[in-house]
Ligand code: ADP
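Starting off, we have a lone chain in the form predicted on its own, written out as structure tokens.
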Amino acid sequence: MATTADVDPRSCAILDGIAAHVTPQQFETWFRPLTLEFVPPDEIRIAVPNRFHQVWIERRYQAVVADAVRQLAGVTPRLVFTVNEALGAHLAPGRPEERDEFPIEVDADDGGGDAADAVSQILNPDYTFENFVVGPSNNFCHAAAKAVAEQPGETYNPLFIHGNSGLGKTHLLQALCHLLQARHGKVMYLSCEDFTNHFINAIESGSLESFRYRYRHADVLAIDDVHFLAEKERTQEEFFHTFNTLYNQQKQIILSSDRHPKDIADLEERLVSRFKWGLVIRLDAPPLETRIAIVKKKARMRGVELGDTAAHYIGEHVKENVRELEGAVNRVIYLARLGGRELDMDLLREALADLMPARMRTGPGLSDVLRIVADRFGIRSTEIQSRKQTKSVVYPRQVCMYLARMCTQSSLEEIGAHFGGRDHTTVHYGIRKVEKLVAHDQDIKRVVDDLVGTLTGHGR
């Protein structure tokens, strides 16, 4: 866990969130020396060693800090900086923070190493094939990426992955770059926005030849969000020639976009045609089972083993994309750590309240649970609420308790009262009983999943 000494729990949680979205080198350089204080409702006070450090964080990492706070507290923060020169004692001599000018990222033509050295500083270490959860919505994309990794420049060139935001395009691109960098040398990964800015800077500084050498001598060029080429005529022209040079030399080109090449507005036809030369493949939203697996994987990467109930609850209620799932997992874990709380349904509801649509915040009620379960098992509602202890009644009653805890806003006490005046210990036992059955019996899991689907569709 990325924490520093003498900081409050909120600061630790925010730093943990930042560490999850930057490389270890970036964290050690820019965030390890800092002290952070969260001031409700939306202010983050950041003590920095000098003015330079402040400007660099504002320019390069403001969005990272804001995302970490948003996932933790559900608010967009206002950053307030103060300079504390005593923090500079943590900085080693010669590090960038002590220079009079802003550091320049290492690049092939800067005399600081080849492009492989440069790309290693911007790839997310978590974005590997090992950490990518494969399911029916992404198995073709995953297989295509692995095939490119085995035969770059030969199989599927270019590889063009498209899909809605947050579904894992960047993860796949960076996983490919991690693997190809280890095997094939000069790998360049960057966003289309960065490519455009580099091109503009090269024009302004008169260094176009250096710019062209850098990009046209890569073994692998991966461009994220290539749809940002739209309406940029000069950048499109430059990219067209870069593409041709690399393609003719059988160098691998990997592209991502939020839409199919033919649907990118104001993109030159010759680029659209070239983007379709290799393989164009769509990444779809993950179904429930894959979302649950992703939730468990993301939690495990943060040192937490989520139970089936918690993972199912998050996967069921956060459906839009993988990025929101990750944010939900982060927030659940942070809230549990901050308050030293048990990761129970009350905490899950609190953590995800603002991520759910209004329908789910009001949600189905206990009477809905009772009616739907009684119908499914062919017994009367009054039997479930009675004191009967026969197996034909106890099991549906326990299913009711499990569903009520997962799909309603009710407390254990409220659930116990509704289902026959049981105390919270009995309710807790019933929930755990169904959790174990779901984990080990696929037939029971299908029944419970169907009931959850029916309940979460309640009111549509």
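Source: prediction; values computed, not measured. For every residue, the number given is its place in the sequence shown, counted from 1.
Below: the form predicted in complex with adenosine-5'-diphosphate, not depicted.
Taking 4.5 Å between heavy atoms as the contact cutoff, choose which of K296, H312, H171, R331 touches adenosine-5'-diphosphate in the predicted complex.
-> Answer to the contact question: H171.
Only one of Y127, Y247, F240, F377 comes within 4.5 Å of adenosine-5'-diphosphate in the predicted complex by heavy atoms, so just point that one out.
-> By the 4.5 Å criterion, the partner-contacting residue is Y127.
Which one, 323 to 331, 303 to 311, 206 to 214, 70 to 78, holds residues whose non-hydrogen atoms are within 4.5 Å of adenosine-5'-diphosphate in the predicted complex?
-> Flagged stretch: 323 to 331.
Non-hydrogen atom contact F160 with adenosine-5'-diphosphate in the predicted complex at 4.5 angstroms | Taking the distances in the predicted complex, the answer for F160 is no, it never comes within 4.5 Å of adenosine-5'-diphosphate.
Within a 4.5 Å heavy atom cut-off, is F132 in contact with adenosine-5'-diphosphate in the predicted complex?
-> Taking the distances in the predicted complex, the answer for F132 is yes, it comes within 4.5 Å of adenosine-5'-diphosphate.
Using the partner position in the predicted complex, report whether G166 sits within 4.5 Å of adenosine-5'-diphosphate, counting heavy atoms only.
-> Looking in the predicted complex, residue contacts with adenosine-5'-diphosphate include G166, since a heavy atom lies within 4.5 Å.
Are any of the heavy atoms in Q252 no more than 4.5 Å from a heavy atom of adenosine-5'-diphosphate in the predicted complex?
-> Looking in the predicted complex, residue contacts with adenosine-5'-diphosphate do not include Q252, since no heavy atom lies within 4.5 Å.
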